[in-house]
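Read the single chain below, which is given as structure tokens and is the form predicted alone.
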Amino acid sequence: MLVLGIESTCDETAAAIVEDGYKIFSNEIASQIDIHKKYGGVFPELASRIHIKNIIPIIDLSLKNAKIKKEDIDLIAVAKGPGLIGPLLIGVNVAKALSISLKKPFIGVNHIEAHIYAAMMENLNNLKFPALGLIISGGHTILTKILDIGKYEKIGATTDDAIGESFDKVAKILGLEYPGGPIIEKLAKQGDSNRYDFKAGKIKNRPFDFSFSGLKTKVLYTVKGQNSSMHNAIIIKKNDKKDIAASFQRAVFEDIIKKSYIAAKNFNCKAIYIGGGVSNNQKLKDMFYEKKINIPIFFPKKDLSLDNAAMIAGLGYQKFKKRIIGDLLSLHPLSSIPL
């Protein structure tokens, strides 16, 4: 079954052709990062306008590079949320229009679930359940018990900033560009991760929830002075930035890894599947493997860790295979959807 995947939840306009949930023929992405840098984050209305401009050309490119015609598509899968409602509406309505014109079914999938699926795509014949799912991205930090594809029991989540959002805010505090994740990772490689005693927050009686807001504030006061605001001047030396980046990154990852391993043990998980943009961080991978816990860990390939349409197409195939029917044209995208 050939599936066209469409992704437009935030600032990436993406389309992909995937066969049977795992064989990727094309995976095309039109990024808006360079456009949104000047705002220090995604400007929703502008993102929507750029999606309108990019979505048909990126679908055409995915078909061209997969060397298939649009009539060969068997199913259209589209991210229905969570995300920015404007961009979501564009992706979902294009999927509906293609469904009508091609007389092919379409199916909406959960973008967060697709990030977990991205870590499974290369190992579909050897999936281990129950498993622990960890989603770490710009908008989400979630721990979940995976009983099967499509069956989840939430274990924990962030109570304030998501991990990717925290990286962006710390980068802004340090006077660095958006997006913050890759820049912090690069800077941290040159720094001393033990120089600053940063720690992630704890939530009383909720051992698997995350809190990074207090850590972000600690970084702010270290960089700009006690009780300062974002508008205050930086008081540290330029060379101190790399130690702050390294210490911040260590604190966040230690918290993520510790809670992941405890959860995996407590819930008798046979594997850990990690998805989302932050899963592409090499230091995170190294720290996970350094623990040498006897549980297999699966990360998505680099081109499947950030927002992409191959994971949408792959998960769409799995969803359709179970119910053999597409969604109705009355499907509406949602900015917030539970896993």
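Numbering starts at 1 and follows the sequence shown. In this text, all values refer to a predicted model and were calculated from it rather than measured experimentally.
The form predicted together with a small molecule is left out here; the points below concern that form.
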Of 232 to 240, 118 to 126, 100 to 108, 160 to 168, the segment with heavy atoms within 4.5 Å of the small molecule in the model of the complex is residues 160 to 168
Taking the small molecule as it sits in the model of the complex, is Pro182 near enough to touch it, meaning that at least one heavy atom pair lies within 4.5 angstroms?
yes
With the partner left out of view, is Ser193 within 4.5 angstroms of the small molecule in the model of the complex by any non-hydrogen atom?
no
So, Gly81 and the small molecule: in the model of the complex, are they within 4.5 Å at any heavy atom pair?
no
Examine Ile274 and determine whether its closest non-hydrogen atom to the small molecule in the model of the complex is within 4.5 angstroms.
no
Of Ser26, Asn54, Asn281, Gln32, the only residue with a heavy atom within 4.5 Å of the small molecule in the model of the complex is Asn281
